[in-house]
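The chain below stands alone and is given as structure tokens, in the form predicted on its own.
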């Protein structure tokens, strides 16, 4: 009996079924480090985790044989971290994951040819989705190979600029089950190729033709598709009024139409396009050449079920906005970003009847004042998202009313506005608030942030860029009350010290930390973030003069998930930069005007960081680094950005940038330009 009891006690996990462990793994999978710890618990957990995992995102292509041998049930393979994927690698994928693989993403990869794609298409009989975007050298022969994937339903070929109608024709003939196709920026594809797709692939639901040299001719066939729900025509200059006027086909299934940046499309052509789209729900006309007037808005009476309209950058009139509000009372989302002609009267007349409005974007509508914002608050109590960056004429009292009337808000962008602490106090009653942007808000202080910390416990994103009234006290209030914080920007908040970093280290979910131009931050504060925030992926330390090798050594040890870092104009030397090679996920490095770096140190760091995709360095290093190294890095998929910044008087430049008068003037000059 004793022996039996001992055996039972030595294997406590025998009581767990495989199905129950799968449920546990679904919960653990949110954190990669937790998943790794789980699989290392015992051999059985290791085996069960291998059976359970369906999605993989390897860091190196050379790991593929070992990884796919272990994870035999892989259905989704994301190779965006692997810039150099050869035909051999695709052959390995086909051999080891052929029966189970359903989706593969090669949008950031190259070095493969039609031969590799053929092995993938033939072996992976269950493949329904493939992303070949950015394959700028891909030609029609490779497209013909893709056509061998007979079960394909979703295909992305964005920026495959050497494809022609012939290649698309092969795909149309071979892949009859296609439902979603993106040909954005495939400039070699015209009406013939698109027409073939429409004729052969009758189940198409989504078709992206953005920036293609197509005309209204191919739209006659496209709009015959009985299941088409989404049609994207962004930047199609060949689509004009004359070619659309003869359209006679109705497309009652169409729900989403994007005709943004179609400069030759006016109200007359749009009316023809909308005439047969009675079920349309989303319409994007951003940067259109048409004036959104009363005549234009009248064409919307045929799409009374419209729920979302985007008019960014358009010239709109008061009568036009009023007509939209009257004809489209079911609108839930309205975007008027950078519509410089929008006035208080126009916006008020739009929203007064839109009681169900959920999202409103009035970014850079500089003529608006508190009058229209008051109308928005009174008319739209169901708002969940309000973006009003640079609406500097809006009074402080209007912000108080927003918080008082719109209690369901989840996303707020008040960048460059006159909101003050009383406004933040009112906003703090929005208990569902998850994203709050307060950049360049010079009237807020720590007291206002304390209200947010006490009331908005669900906050995930906070932007305090250049809000110079904030100190460690305010950040402490946020860290204490908003434990779910994932992103914070405190760049150029000149009074922030290590105390803020110590406070923020309690936010264990923190992923993005931007502290550019914070002159009092040191490596001690950075160490607390590195040690306690295990999910950190993006870090901006530019112009933090007291950050040196000690801080980077700590990051190299504890922040294994870091993908992007900027150490420009810091105290980092070769030792610190080379230590980053210990971070396998690292993709982007910026190290401009960092005086402690030498050509040999930079070269060593570049060689050691095998997964780099983008590197920003001072232009002077270009001639000092070995050409063979640069060629090797570029062949591996790394892009170099060479910046020629002035390296003199960095301290004086930083002090000037911290002065609100200086950068406010610069901002105004940039806007004028």
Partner chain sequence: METEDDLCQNNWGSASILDYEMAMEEGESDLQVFKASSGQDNNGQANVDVLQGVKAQAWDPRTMLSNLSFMEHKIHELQGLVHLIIGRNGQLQDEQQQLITTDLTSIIIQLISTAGSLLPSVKHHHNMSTTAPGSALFPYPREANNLASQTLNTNCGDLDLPKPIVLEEVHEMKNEDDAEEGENLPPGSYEIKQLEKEEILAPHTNFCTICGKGFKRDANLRMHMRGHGDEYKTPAALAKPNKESLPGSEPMLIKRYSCPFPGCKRNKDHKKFQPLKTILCVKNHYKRTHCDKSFTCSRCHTKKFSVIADLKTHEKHCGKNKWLCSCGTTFSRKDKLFGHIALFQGHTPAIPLEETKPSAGASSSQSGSSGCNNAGMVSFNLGSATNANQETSQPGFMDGKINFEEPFSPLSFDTCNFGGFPRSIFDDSESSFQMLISSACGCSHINGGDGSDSNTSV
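Residue numbers count along the first chain shown, from 1. Since we're looking at a predicted model, the values are computed, not measured.
Beyond what is shown, the protein has a form predicted together with its partner chain; the following relates to that form.
Problem set entry | Answer option from 382, 531, 141, 483, heavy atom within 4.5 Å of its partner chain in the predicted bound form | Partner contact (heavy atom, 4.5 Å) among the options: 141.
For this session: Go through 118, 468, 327, 196 and name the one with a heavy atom inside 4.5 Å of its partner chain in the predicted bound form.
Result: Comparing distances to its partner chain in the predicted bound form, the residue within 4.5 Å is 196.
Exercise. Should the three residues 173, 192 and 200 be counted as contacting its partner chain in the predicted bound form, with contact defined as a heavy atom within 4.5 Å for each?
Worked result: Result yes, every residue of the spot touches its partner chain.
For this session: Evaluate residue 562 for contact with its partner chain in the predicted bound form, applying a 4.5 angstroms cut-off between non-hydrogen atoms, and reply yes or no.
Result: It does not: once its partner chain is placed as it appears in the predicted bound form, residue 562 has no heavy atom within 4.5 Å of it.
Exercise. Is residue 165 close to its partner chain in the predicted bound form, meaning a heavy atom pair under 4.5 Å apart or at it?
Worked result: Looking in the predicted bound form, residue contacts with its partner chain include residue 165, since a heavy atom lies within 4.5 Å.
Problem set entry | Touches its partner chain in the predicted bound form: residue 169 (any heavy atom, 4.5 Å) | Residue 169: yes, in contact with its partner chain in the predicted bound form.
For this session: Would you mind picking out the stretch of 100 to 108, 133 to 141, 337 to 345, 237 to 245 that comes within 4.5 angstroms of its partner chain in the predicted bound form, counting non-hydrogen atoms?
Result: Of the options, only 133 to 141 has residues within 4.5 Å of the partner.
Problem set entry | Contacts with its partner chain in the predicted bound form - residues in 220 to 241 whose heavy atoms fall within 4.5 Å | Counting only heavy atoms within 4.5 Å of its partner chain in the predicted bound form, no residue of 220 to 241 makes contact.
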